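Presented below, as structure tokens, is a lone chain in the form predicted alone.
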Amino acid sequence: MKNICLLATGGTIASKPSVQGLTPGITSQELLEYVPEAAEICNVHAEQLFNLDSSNVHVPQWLEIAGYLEDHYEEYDGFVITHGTDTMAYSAAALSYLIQYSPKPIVMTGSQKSIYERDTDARRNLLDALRYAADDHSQGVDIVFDGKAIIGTRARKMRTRSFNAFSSIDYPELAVIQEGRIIPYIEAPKPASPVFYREMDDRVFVLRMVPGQDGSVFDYLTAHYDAVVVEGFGMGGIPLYEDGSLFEAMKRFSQAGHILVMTTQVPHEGSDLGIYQVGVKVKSELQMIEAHTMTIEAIVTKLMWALGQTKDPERVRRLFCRPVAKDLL
């Protein structure tokens, strides 16, 4: 029987009512008590890393999780991380860059309703995650939720209330879990050993284009951020107004040694700056990296990871453009 480490971090799955609303308060050991069937799946060791609403989870917590996994990697056959749903896709993507080529599964899960409620998805999700982590074919960082296994760099939360909260963006689901049975859709050879990273830079900003966007925002961004992800229109169009102020502001940002990444506001099918004139100009005259079909969660966390390794713009571009865990297709 496989030895699995359960790492609890808070989130809705571990929340209880309080005078200020739902608040994480259920411990990792208490989570296990709600699913006694887990003993039939694997041997589970439970740890409590922190107990936060996932809206409060960012770089320090990602590094804490990755550090624990590195320190205890050889002790277990796999890991399950319970986490709030709101930023789970960001955390899964971040861990995909901090822990690359993992032959062991690192499975994230959570729920839309707390595990203490009667009508909840928490028990099924937790059992499915443990089952998936104990499966011989599982590897890398994935999200298991509502009977689906989604690769960590491809997941996005699409619904705020429904149990089928997560979707795999522009990439197939890895497997489905039905009545305790794992049905794999995609299998791949396991890598030999993981590569761990210990640094991230959170000076990354996402700028969503709106009609009439003023370029002066880049004056502030130049002073406070190392990289800006521009969510353009359609396939990645940037407005080229008559005064040219937005384009010139972006050029100054790039010339100052900062990183510009282009993506699209559209959830599916990605960007292509080579189609329209408003995209061709920025791609040819600005040193913009094109994200293509990457999710915004993967774009942001990959930039944070790359900038954590180097501040040299060309090296950052090379790191960003190297595919990791199916983020770039």
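So that there is no doubt, residue numbering starts at 1 and follows the sequence shown. Being a predicted model, the structure only gives us computed values, none of them experimental.
Missing here is the form predicted together with ligand ASP; even so, the following discussion is about that form.
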Using 4.5 Å between non-hydrogen atoms, is residue 111 touching ligand ASP in the predicted complex? yes
Heavy atoms within 4.5 Å of ligand ASP in the predicted complex: does residue 70 have any? no
Using the partner position in the predicted complex, report whether residue 271 sits within 4.5 Å of ligand ASP, counting heavy atoms only. no
Just to confirm, residue 84 within 4.5 Å of ligand ASP in the predicted complex by heavy atoms? yes
Just to confirm, with a 4.5 Å cut-off on non-hydrogen atoms, which of 53, 47, 290, 64 contacts ligand ASP in the predicted complex? 53
Pick the stretch from 170 to 178, 213 to 221, 111 to 119, 146 to 154 whose residues have a heavy atom within 4.5 Å of ligand ASP in the predicted complex. 111 to 119
Would you give me the residues of 254 to 272 that have any heavy atom within 4.5 Å of ligand ASP in the predicted complex, in order from first to last? none
